[in-house]
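Next up: a single chain in structure tokens, the form predicted alone.
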Amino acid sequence: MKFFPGCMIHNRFPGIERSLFFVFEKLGVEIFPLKGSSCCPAPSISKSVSVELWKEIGIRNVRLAKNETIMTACNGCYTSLHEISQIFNEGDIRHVVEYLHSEIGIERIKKSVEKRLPVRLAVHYGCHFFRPSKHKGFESPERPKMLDELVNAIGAESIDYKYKFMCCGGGGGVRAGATEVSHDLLERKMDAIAEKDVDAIVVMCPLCLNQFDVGQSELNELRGKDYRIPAVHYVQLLAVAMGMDVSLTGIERHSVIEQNFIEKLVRGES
């Protein structure tokens, strides 16, 4: 199996990649970097410029795997490569969260945990993972449970909140091209999350992670908010639960860091 990092993980959140390789080594699943890969390319932006170019770049990435499964940890990369693989009828594209849930399974995840993480988490799925739903074949995109179950498997608690399944405003060119709209969406979600007693926000996409992480500081400065809720990718938490040192996951390098949350991760519970 080959890991496709995409742009955001390599450039902004390398701890996600480090955590993912740690997790799969612990699970006894061989995974290797997809050498020579480029941007997926981004589904919403690239297709609006040239569908043919989007196809050509995408199928090049798929063919680099030489018929091996491609694993991603990004919703946008997953959607783009998955759609391209269907168009050309080539390749097998998997998202790490979907793979962990369906192929590894909740019970095996539980057995692989070295320390439970006693934290309360607000789960955010992101838009691109389930949609377009007719091509993905997953559970209902309106009320998914996959990530919630994986969160609970590591001893954490998934906390429901208003606007849980709403867009965070980070993708589709919204953050870059319609900043006010992006901030409006994020503020609505953050206000709903802030009403709950949560330790962090857990995502499955680096673009969503960037929006929650950097966006909080922007809202604090521009709109007088006082958000201080860390955001993390699920594989970072899973790696910690499986025994990886928190300092290696990259969580402490995020923009929003709360020492109480870090201490809970370090301490864990048996």
Partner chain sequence: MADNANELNKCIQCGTCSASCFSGRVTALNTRKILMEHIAKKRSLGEFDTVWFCVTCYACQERCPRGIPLTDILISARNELVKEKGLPGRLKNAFKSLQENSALVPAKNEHIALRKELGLELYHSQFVDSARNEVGEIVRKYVGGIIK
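Residue numbers count along the first chain shown, from 1. Everything numeric here is computed off the predicted structure, so don't read it as measured data.
The form predicted in complex with the partner chain exists for this protein as well; it is not shown, and the discussion that follows is about that form.
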### Task
Spell it out for me: taking the partner chain in the predicted bound form, does every residue among R108, K145 and L265 have a heavy atom no farther than 4.5 Å from it?
no
### Task
Would you mind picking out the stretch of 94-102, 147-155, 163-171, 114-122 that comes within 4.5 angstroms of the partner chain in the predicted bound form, counting non-hydrogen atoms?
163-171
### Message
Since only the chain is shown here, I'm wondering whether C127 would be in contact with the partner chain in the predicted bound form (any heavy atom pair within 4.5 Å).
### Response
yes
### is_contact(E56, the partner chain) in the predicted bound form, heavy atom dist at most 4.5 Å
yes
### Query
Should N11 be classed as touching the partner chain in the predicted bound form when contacts are defined as heavy atoms within 4.5 Å?
yes
### Query
Quick one: is L248 in contact with the partner chain in the predicted bound form, heavy atoms, 4.5 Å cut-off?
yes
### Summary
Restricting to 38-52, the residues within 4.5 Å of the partner chain in the predicted bound form through any heavy atom are S38, C39, A42, S44, I45, S46, K47, S48, V49, S50, V51, E52
